[in-house]
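A single chain comes next, written as structure tokens; it is the form predicted alone.
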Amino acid sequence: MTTDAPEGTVATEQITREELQLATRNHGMPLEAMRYDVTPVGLHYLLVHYDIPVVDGEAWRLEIDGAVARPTTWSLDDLRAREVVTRPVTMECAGNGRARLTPRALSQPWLLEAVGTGAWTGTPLWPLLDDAGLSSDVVDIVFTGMDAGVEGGAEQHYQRSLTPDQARDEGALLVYELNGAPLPPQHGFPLRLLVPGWYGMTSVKWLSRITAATRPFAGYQQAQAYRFRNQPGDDGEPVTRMRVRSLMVPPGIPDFFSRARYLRPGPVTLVGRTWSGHGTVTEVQVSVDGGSTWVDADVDEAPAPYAWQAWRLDWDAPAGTHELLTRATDSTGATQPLDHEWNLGGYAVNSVHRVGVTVTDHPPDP
């Protein structure tokens, strides 16, 4: 068994033992959970890069240091005493869908379920940085988590960065509650960063330090991982905001092993969720004939910026085998592609969601 699959390693064979090992540690959101406006904590997708730290919330402190006029230290009670904001925000893993690519990246083998919408409570990031007094020559704000591991051949803490403009303009929060309760250990207790609209790798968990840097941050998770590349050695472009996407709650009932869907003939309402990190979704279309024709679905307005939107379409399901598709268009005009757009890391896969369903009065016997 290898100990370190380099970023960009690809495979064409069946799932490896290392990938299975990752899949047993992490989990996706069952697609039927999209019926909840806010995803229950235990159903929200989860990706943990290293080990989950055990943290004493009373002793924990957040350090703000580096090129600042007033380095500061914050306890959890200190942060709770500041401005309180609660927002529903949809978070999706940048690798959601990578297991559907051929060849695929050797990493967490996500299919479609690496997403969820939480009601996150915390305090805005920028006022804390403003209070600390950023130097005029700061180019990156570096966020350090307490989780540590080995990647790219080096021991490290999980770290990501934002530019000062991004830290100011993206509505970032330092959050300490999820769905009205303290963050659970696996979601970053006692404090994590939340950057609405960006893929989940940006929202550093178990946050312990924020450092104002006068040189560009070149840590592994920023400069090597989470970049769009088509071949090893390319500098690539950074993965940032979530691409437009829609998913469907698979209708009917599933076969246990294959998850093949069976549905009785007659009227049914197809439902799902849609989101984009580049604005709001303006249109969702559904095809019930494998993409030959498309019909506009009804789409709800977003309850908040960067929170998913519900959609629905009534369908009179005839007997037979059908391929259902859903695709969305956002306020920038971006539309989900019909086919996967391949890249080496398997990032930001947002092709149309396809659901096969057999409509019959007589599902097969087990």
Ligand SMILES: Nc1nc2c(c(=O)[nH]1)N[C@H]1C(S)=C(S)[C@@H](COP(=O)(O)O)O[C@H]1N2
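The model shown is predicted, which means the values in this text are computed figures rather than measured ones. So that there is no doubt, residue numbering starts at 1 and follows the sequence shown.
Absent from the display: the form predicted in complex with the ligand. The rest refers to it.
- Comparing 196-204, 212-220, 232-240, 287-295 against the ligand in the predicted complex, the single stretch with non-hydrogen atoms within 4.5 angstroms of it is 196-204.
- For the options Ala307, Met29, Ile64, Leu47, the one in contact with the ligand in the predicted complex, meaning a heavy atom within 4.5 Å, is Leu47.
- Comment: the ligand is not present in this chain, but in the predicted complex one of Glu170, Asp147, Glu113, Asp140 has a heavy atom within 4.5 Å of it, namely Asp147.
- Contact between Ala99 and the ligand in the predicted complex is not found at the 4.5 Å heavy atom cutoff.
- Within 4.5 Å of some heavy atom of the ligand in the predicted complex lies at least one heavy atom of Met91.
- Proximity of Arg227 to the ligand in the predicted complex: non-hydrogen atoms within 4.5 Å are absent; the residue sits far from the partner.
- Although the partner is absent from this view, Phe189 stays clear of the ligand in the predicted complex, with no non-hydrogen atom inside 4.5 angstroms.
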